[in-house]
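Each of two forms of one protein chain follows alone as structure tokens, named structure 1 and structure 2.
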Structure 1
Amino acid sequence: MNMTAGETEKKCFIEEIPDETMVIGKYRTQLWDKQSGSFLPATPGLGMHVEIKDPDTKIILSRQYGSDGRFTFTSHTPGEHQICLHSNSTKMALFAGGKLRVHLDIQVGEHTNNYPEIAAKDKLTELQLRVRQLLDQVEQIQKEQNYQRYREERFRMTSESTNQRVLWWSITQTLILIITGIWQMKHLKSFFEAKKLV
């Protein structure tokens, strides 16, 4: 994913992540050069602040990194995690009104594993490595299914709550209409009796 940001502009996006899932983010920044009219590799002094919040808006990670970096976290609650990035630059660093391009790569779940490295470390055959990959994929699918069940349960609870409110609102409206009708009939009856029309 590529995004362009102003000098101290904060860019946030949301990633839906199941619980107990590892997430690795890698980013690389480029600075806009007005003279050449293109993006150039950022200077070493330029850094990025990464802040990650869980669905309960608790901060999981808040850390300063360099112009190129890698961040890792594990989700502990399922849901929408907010990932925010902004530069630590000042107006002098980006020459007033400068732009910054951020190349961001996020890997979730079994995609975070470096299988060639695992195979070399554990001395696995190709078949053993493939079995390990499949087991990791099955585990990630189970986490995704659990997360979808969790979302479905939340949605069902919201729907039932809304249906209950609609029911009580319509019962209240009906009672108000009946009471208003009875009051109007009594009022009209007393009006006609007073005018001696009945």
Structure 2
Amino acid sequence: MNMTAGETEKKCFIEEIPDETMVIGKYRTQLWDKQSGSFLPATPGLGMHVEIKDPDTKIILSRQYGSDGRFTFTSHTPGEHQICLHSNSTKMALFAGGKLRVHLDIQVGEHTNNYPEIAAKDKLTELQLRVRQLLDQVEQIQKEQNYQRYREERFRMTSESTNQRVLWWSITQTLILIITGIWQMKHLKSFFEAKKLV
């Protein structure tokens, strides 16, 4: 997937992930060349600043990378993590056009595993490797499902709280309305009596 980014324009993506999940993000940048009317393959000196925030909006990664970069982080709390990229250079204005194309790929969970590496390290046969991959996949699904259960519980609590509040506020408002009405009547009655109109 690629996208176009302007100079110092911040592009943010949100990833909702369970805890203890590894996320690998890879990007590649290309600069628009007005002369050739296409994107240049490599742009030295152009860097991207990557900033990752956890669900409590605390910054867990804030680093500068080159024109091609790879960043990794592991989530410690489940929730919405925000991944932001922006180019740091102001030199782009010198290059005609000032458009930057960013290829981005974000892999979460078991997709981050490098199976050829694992096979070589643990000396697995092909069968063992495939089974290992399946096990990782199932583990990831299970983790996601647990997280889903936790979110659904939070959702249910919010719903029930809203329901309760609607009921409670309606009753309170009706009571206040009645009390105010009674007070008004009493006050006006005593007022008119005082003014000898009744």
Partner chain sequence: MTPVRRFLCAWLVSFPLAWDSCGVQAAFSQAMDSDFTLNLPAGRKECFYQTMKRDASLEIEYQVLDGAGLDVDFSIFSPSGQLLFNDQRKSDGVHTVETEDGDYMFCFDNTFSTVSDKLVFFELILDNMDTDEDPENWKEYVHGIDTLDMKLEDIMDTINNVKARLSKSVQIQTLLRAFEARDRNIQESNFERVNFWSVVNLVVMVMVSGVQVYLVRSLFEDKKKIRT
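Model, not experiment: these values are computed from the prediction. The term rigid core refers to the most C-alpha atoms you can superpose between the two forms while keeping them within 1.5 Å. One-based numbering along structure 1's sequence throughout.
- Of the two forms shown, structure 1 is the one predicted alone, while structure 2 is not.
- A movement of the C-alpha atom of Ile178 reaching 2 angstroms or beyond is seen between structures 1 and 2 when the two forms are aligned on their rigid core.
- After superposing the rigid core, the C-alpha of Leu188 moves by 2 Å or more between structures 1 and 2.
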